[in-house]
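What follows is a single chain, given as structure tokens, in the form predicted alone.
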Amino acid sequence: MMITLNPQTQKKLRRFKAIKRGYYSFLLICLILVLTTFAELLINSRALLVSYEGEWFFPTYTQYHPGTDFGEDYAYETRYRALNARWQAEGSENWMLMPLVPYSPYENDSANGVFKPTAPSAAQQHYLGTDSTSRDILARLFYGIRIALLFALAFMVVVYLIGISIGCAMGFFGGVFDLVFQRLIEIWSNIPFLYMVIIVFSVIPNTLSIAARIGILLLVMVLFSWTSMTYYMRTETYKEKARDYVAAARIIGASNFRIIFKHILPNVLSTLVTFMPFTIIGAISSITALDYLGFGLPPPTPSLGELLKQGTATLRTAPWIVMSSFGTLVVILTLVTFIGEAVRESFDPKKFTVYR
């Protein structure tokens, strides 16, 4: 089934494509999302493919294989780099295909057993060096970008769902409902966000899984971030419900649900789309700042903020840590900002309307 867009939306999209800086930034962000989604195929300590005694194994997306599966004398997970080097030295018929960067973001790789930062080295395949605990910086950055972008997208979706629902209801129904929710939102907005994060994470047990702790962090951030979107939606809905097309919809018997979601929301789409990139920027900046302060993603989760914290602590002895992490953060935020500017200009409500 083909999806057809109305002429106004097509016109906005053509305008967005005409703004090259924003359009190419959008394509680049999409490419980064695709690459980081399949990060295990590019950066990973597990082999992509192993051919051993005529059998093929695919360790990357399957359960781990102990060394005994490949003729080694240990039962823990296979050390693929060492095994690959031995096979190559022996001229063995067995072989394996390793990722471009054969390191995990959680793996400590120290030649002499001393964990310390090491400078970038193409020979060791540490292309951006290692951090304070000998973990590959490129791997940490790559997986950290994936977590930050997915976290920001999830944050935006939940904030929009809450903000649109409550904001539209306040603007559409008005009266006592609107007044009560305005007072509640004002009270809620005065609760200090950072103190609440500190309190919540001080009582969360360390036994919780990393996924559960990330979910709790997302929930806390959403709870203190949905109010601003509510104000925008309330204002836009309050303005749109006075239009003639809403009165016409009432006359023909349209329900409140249909009026809000079929008539009013399409006409405030410009506002929603315009704020999306900037909501993502706010989420990435917030999670990075919280990681830097030690109240963000639980260790040892890869994150830009954690690398920035390491980089500032080792600025003189290991400048490559802060340079790579700060540079990555600047590039990501700049690309999203360019997208936001292009979207704002393309969906400018002063130029386009969608009245029906």
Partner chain sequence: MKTRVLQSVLPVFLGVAALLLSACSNDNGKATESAESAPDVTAEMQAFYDDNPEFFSFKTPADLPAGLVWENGQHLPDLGSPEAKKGGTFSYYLNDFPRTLRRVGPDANGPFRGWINDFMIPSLANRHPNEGEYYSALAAEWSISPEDRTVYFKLDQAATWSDGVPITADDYMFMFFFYRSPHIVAPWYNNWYGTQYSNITKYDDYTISMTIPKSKPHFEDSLVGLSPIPKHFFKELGVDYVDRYQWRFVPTPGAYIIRDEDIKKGRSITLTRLDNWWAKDKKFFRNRFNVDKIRLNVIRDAAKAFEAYKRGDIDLFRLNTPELWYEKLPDSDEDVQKGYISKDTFYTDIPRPTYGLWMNTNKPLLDNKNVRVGIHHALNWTLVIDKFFRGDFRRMQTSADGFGPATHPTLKARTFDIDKAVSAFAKSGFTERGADGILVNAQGDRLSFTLSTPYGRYGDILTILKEEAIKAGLELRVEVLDATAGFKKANEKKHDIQFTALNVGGRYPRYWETYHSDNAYDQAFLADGSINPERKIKVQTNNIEALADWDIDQLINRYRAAVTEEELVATAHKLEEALYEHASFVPGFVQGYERSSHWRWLKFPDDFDVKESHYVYEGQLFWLDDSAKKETKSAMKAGEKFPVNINVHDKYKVQ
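Values in this document were obtained by computation on a predicted structure and should not be read as measured data. Numbering follows the first chain given and starts at 1.
Here the subject shifts to the form predicted in complex with its partner chain, a form of this protein not shown in this document.
Using a 4.5 Å heavy atom cut-off, which stretch among 163 to 171, 266 to 274, 145 to 153, 73 to 81 contacts its partner chain in the predicted complex?
-> It is the stretch 73 to 81.
In the predicted complex, Phe177 touching its partner chain (heavy atom, 4.5 Å) | Flag for Phe177 set to no.
According to a 4.5 angstroms non-hydrogen atom cut-off, is Arg86 in contact with its partner chain in the predicted complex?
-> No, Arg86 sits far enough from its partner chain in the predicted complex that none of its heavy atoms falls within 4.5 Å.
Answer with yes or no whether Gln182 is in contact with its partner chain in the predicted complex, where contact means some heavy atom within 4.5 Å.
-> No, no contact at 4.5 Å.
Any non-hydrogen atom of Val114 within 4.5 angstroms of its partner chain in the predicted complex = Within the cut-off, so yes.
Work out which of Leu49, Ala39, Ala313, Leu33 lies within 4.5 Å of its partner chain in the predicted complex, going by heavy atoms.
-> Answer to the contact question: Ala313.
Which pick from Thr227, Ser92, Asn256, Gln125 sits with a heavy atom within 4.5 Å of its partner chain in the predicted complex?
-> Selected option: Thr227.
Neighbours of its partner chain in the predicted complex among 274 to 308 [non-hydrogen atom within 4.5 angstroms] = The stretch 274 to 308, when checked against its partner chain in the predicted complex, contributes Gly282, Ser286, Pro299, Pro300 at the 4.5 Å heavy-atom cut-off.
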